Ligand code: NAD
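As a starting point, one isolated chain is supplied in structure tokens, in the form predicted on its own.
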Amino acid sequence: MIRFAILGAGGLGKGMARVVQHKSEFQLVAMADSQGYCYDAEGLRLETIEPLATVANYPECGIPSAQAIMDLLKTHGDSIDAIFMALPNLPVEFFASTVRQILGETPFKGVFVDALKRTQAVEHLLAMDDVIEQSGTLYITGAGATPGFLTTVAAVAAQSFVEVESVDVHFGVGISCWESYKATIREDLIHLEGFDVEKVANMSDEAVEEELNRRNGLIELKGMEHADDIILELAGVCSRDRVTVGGLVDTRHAKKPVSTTVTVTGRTVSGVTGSHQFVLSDETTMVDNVCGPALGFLLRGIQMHRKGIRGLVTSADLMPLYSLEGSRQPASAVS
């Protein structure tokens, strides 16, 4: 049984709590948010978690804290095997600085997995590879839907071509209640014309609501700074300038406004150009396509960690390599 913790209790964190209930390998023992944490070695109850405004209010084991992540892992880090990072990545340094603090100040020595979206956030983690390896942990980044699920689909599809000319990810996301995904929506707003990190960080929830109303609840995203690019570049599939990511987010309806696709175009050994396209079921939600794959990558990470592999890897490191030349090698095994 893998003792599992979720850091973050927004829409994605609670969605992961729902998904993990269907995975017999995992036991959810801890969650943390900005107001506190809860820990139960016997397992947390989903029906108790879902209605809570903060997990600090979890009956019997909820603990209010202004530094919940660190308090949780300082106290219980050696009783946790794996962590899903469901935290916002604003500012982009936040993930890396949080991981660095966990590694330096807590007894946690297991496996991390995240669903990071922004290229810069992943770059900050990549710079910590040596620190992560020396700490005795394994960190899998970019392991949600995109990057993650769709990135690895692209890495496999690339094997049909002698040269990959382009990778295009176009997603559709439906959200019936934007308040449950405030951090995700704010990250998306940054990519719109006229917005940047500072502006979005200073917007109140009311200002975000007003902006969404002005757009009839729809956020159309083009040419996003999305970590699929750096992950596919590191995997040797193609240079990041050949990767494009965009999509349409409906913040008022659960139904996807468009289907989610990844299209890989390349030159075959015969010299002709062709394309593979993979389409996700419209019935699957963001929770399905982020949390399900993240748990799959995490299970692979647990196997790797038990074999002595440490350091930072991306989701594409766990796929067939496109080219040995120029690709980054996965974390080395520790004897």
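Each residue number is its position in the shown sequence, starting from 1. Since this is a predicted model, take the numbers as computed values, not measurements.
If you look for the form predicted together with the ligand, you will not find it shown, but the lines that follow are about it.
Residues placing heavy atoms within 4.5 Å of the ligand in the predicted complex fall in a single listed stretch, namely 143-151, out of 143-151, 75-83, 229-237, 203-211. Proximity to the ligand in the predicted complex holds for all of 12, 181 and 290, with the criterion being a heavy atom within 4.5 Å. Taking the partner from the other structure, the ligand in the predicted complex has a heavy atom within 4.5 Å of a heavy atom of residue 286. In the predicted complex, at least one heavy atom of residue 69 sits within 4.5 Å of the ligand. Mapping the unseen interface onto this chain, residue 217 falls outside it, with no heavy atom inside 4.5 Å of the ligand in the predicted complex. Heavy atoms of residue 113 never reach within 4.5 Å of the ligand in the predicted complex, leaving it off the interface. Proximity to the ligand in the predicted complex, defined as a heavy atom within 4.5 Å, singles out one entry of 187, 250, 168, 133, which is 187. Residues of 13-34 lying near the ligand in the predicted complex, listed in sequence order, are 13, 32, 33, 34, the criterion being any heavy atom within 4.5 Å.
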